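Single chain ahead, by itself, as structure tokens, in the form predicted on its own.
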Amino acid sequence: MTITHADTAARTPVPTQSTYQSRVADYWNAEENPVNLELGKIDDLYHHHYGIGDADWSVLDEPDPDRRRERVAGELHRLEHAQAELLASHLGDLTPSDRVFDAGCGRGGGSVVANLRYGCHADGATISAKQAEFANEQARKRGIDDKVRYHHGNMLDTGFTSGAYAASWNNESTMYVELDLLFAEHARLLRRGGRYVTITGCYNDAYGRASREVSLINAHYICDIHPRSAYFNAMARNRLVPVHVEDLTETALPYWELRRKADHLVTGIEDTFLNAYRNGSFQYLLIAADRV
């Protein structure tokens, strides 16, 4: 079995397909957000997504300001890692010889989680050259670069071998692309019976159109949040059949409540997320689907 690796980036030095994607690449090449970098430095697992689960609120009672910041950051990182572990737990019965694909991999934390859990090979793709370089350096430091590799490429057109992957996922990256193009590429890469998983924010069709809060989130991250229905419609058109759907909205609230109290990490979008979740216009979903 042949997997295309570094030659993909060499063929496509600028892997964007539109002016919009170029803007997204510029955004992530310039991004130095402490909520991503400071949390990642705790254990060299860099996640570009949010967290789930009950928070340990005692971290806010820490009297020493420096220690309080450390404890709050550590708790936020724990919640983010719990989200990554939840996604990885739905990837199926993987073996060390299997390959997985991390679409929109960011600085690479999800691929490392999958490798540590299953011992599998992982290929991550990011439109940001800076993120790919950073993630590969982290893999080298961990001594897993023989199995975990990151590519400066477009997740809509990877150039990787068809049917070579046992599992693939997007963790909070689907809102940057057209879903039909994305799911067509996942369906091409996955072997029959392979598992696709996404955790994503989506707007609630039952609410109506996208709310003011959803529009503010779009503007903040230069993205375009899809309605919940769009995921299932696009999956059906691209041979991806859902086997598990889980509403994580309630479990996401503690993360945002804690983050809004972390003065050194707030980005200004925290209350918008909380309001959107609570007014019912925005949902946080996990969807697992089999490639048929």
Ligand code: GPP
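Treat the numbers as computed from the prediction; the structure is a model and nothing was measured. Residue numbers run from 1 along the displayed sequence.
Keep in mind that the form predicted in complex with the ligand is not shown, yet the notes after this line are about it.
Checking 175, 88, 156, 72 for any heavy atom within 4.5 Å of the ligand in the model of the complex turns up a single hit: 175. Checked against the ligand in the model of the complex, the candidates 31, 44, 246, 257 yield a single residue with a heavy atom inside 4.5 Å, and that residue is 31. Proximity of residue 217 to the ligand in the model of the complex: non-hydrogen atoms within 4.5 Å are present. Remark: residue 234 does not count among the residues lining the ligand in the model of the complex, judged by a heavy atom distance of 4.5 Å or less.
Looking at residue 36, you'd find a heavy atom of it within 4.5 angstroms of the ligand in the model of the complex.
Residue contact check for residue 52: none of its heavy atoms lie within 4.5 Å of the ligand in the model of the complex. Considering the ligand in the model of the complex, the lone stretch of 178-186, 110-118, 139-147, 217-225 in range is 217-225 [heavy atom distance within 4.5 Å]. Highlighted residues 17, 101 and 124: none comes within 4.5 Å of the ligand in the model of the complex, counting any heavy atom.
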